[in-house]
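Shown below, as structure tokens, is a lone chain in the form predicted on its own; questions about how it binds or moves come after it.
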């Protein structure tokens, strides 16, 4: 009797897992189908290679090159700044604070920061910019995205480091390595695939976020020529174009969404490829 219940329980859980997988796959396919079917007809070289011209928001000529380049500027800048702080923090948690209460407090704080809605980061960044006397700018958007990406990147790297076999740093210490040498010469080499994944994960979050840059980076039809110029982004391009009453402009919103989806998909595939390539440099 007990064997039958265990068999039924196992089959039930297998069915539940297959159902979950099917729902996730179906949701992804429906999203991709909607974006491709509505965005592909309006996608053209003109739209990718030109900035908005006169009457663009009335359905006339021009493209969204300003939003494409602005998104790349914002996400790359935010990811670089987040990396400068996230990577040393992850090493600090696992090398210097590994057995201390402070490490758990920092991890809890990072988890809370990860769960905060992006609009809150945008509001915080906007308040800080008002205090400093800044206007909406590329720099403001980059710093806000860096705050948004920092806990994501730090926790991802932290989890990767915690999976390193403890015998590896112990062997380094036994050979006379210092904490700093163990961190940068031993652990860093071992977790290269995880570092790449964490960076690209944070980049994908940054390039697809709209709420955090709505008030901080602003929006413009021009490509930013300095850190203090406003910058457009693809998520906001989708938001503003879908809000217009003109069908031609709404179709362009789906094309912008398609471009953004392709970029995020490219980031995901690059993450997989880099993890595979960098894994050969890890110590097995």
Partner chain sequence: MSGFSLSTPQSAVTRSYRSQFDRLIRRMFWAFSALPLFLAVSILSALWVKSQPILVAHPLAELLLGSAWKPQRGEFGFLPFISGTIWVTVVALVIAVPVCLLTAIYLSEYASGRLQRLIKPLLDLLAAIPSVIYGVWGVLVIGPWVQHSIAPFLSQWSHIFPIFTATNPTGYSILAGGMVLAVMIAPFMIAIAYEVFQTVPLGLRQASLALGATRWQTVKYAVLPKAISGIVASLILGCSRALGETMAVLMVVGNVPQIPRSIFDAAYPLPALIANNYGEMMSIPLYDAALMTASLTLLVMVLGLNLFSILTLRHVLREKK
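Numbering follows the first chain given and starts at 1. Bear in mind that the values here come from a model prediction, so they are computed numbers and not experimental data.
Below: the form predicted in complex with its partner chain, not depicted.
- The candidate spot formed by 13, 106 and 162 lies fully in contact with its partner chain in the model of the complex, as each residue has a heavy atom within 4.5 Å of it.
- Although the partner is absent here, residue 242 lies within 4.5 Å of its partner chain in the model of the complex, judged by heavy atoms.
- Under a 4.5 angstroms non-hydrogen atom cutoff, its partner chain in the model of the complex has residue 31 among its neighbouring residues.
- In the model of the complex, residue 121 approaches its partner chain with a heavy atom inside 4.5 Å.
- Interface membership of residue 273, defined by any non-hydrogen atom within 4.5 Å of its partner chain in the model of the complex, is ruled out.
- Just one of 236, 249, 68, 47 comes within 4.5 Å of its partner chain in the model of the complex, counting any heavy atom, and that one is 236.
- In the model of the complex, the residues of 206-239 lying within 4.5 Å of its partner chain by at least one heavy atom are, in order, 208, 210, 211, 214, 215, 235, 236, 238, 239.
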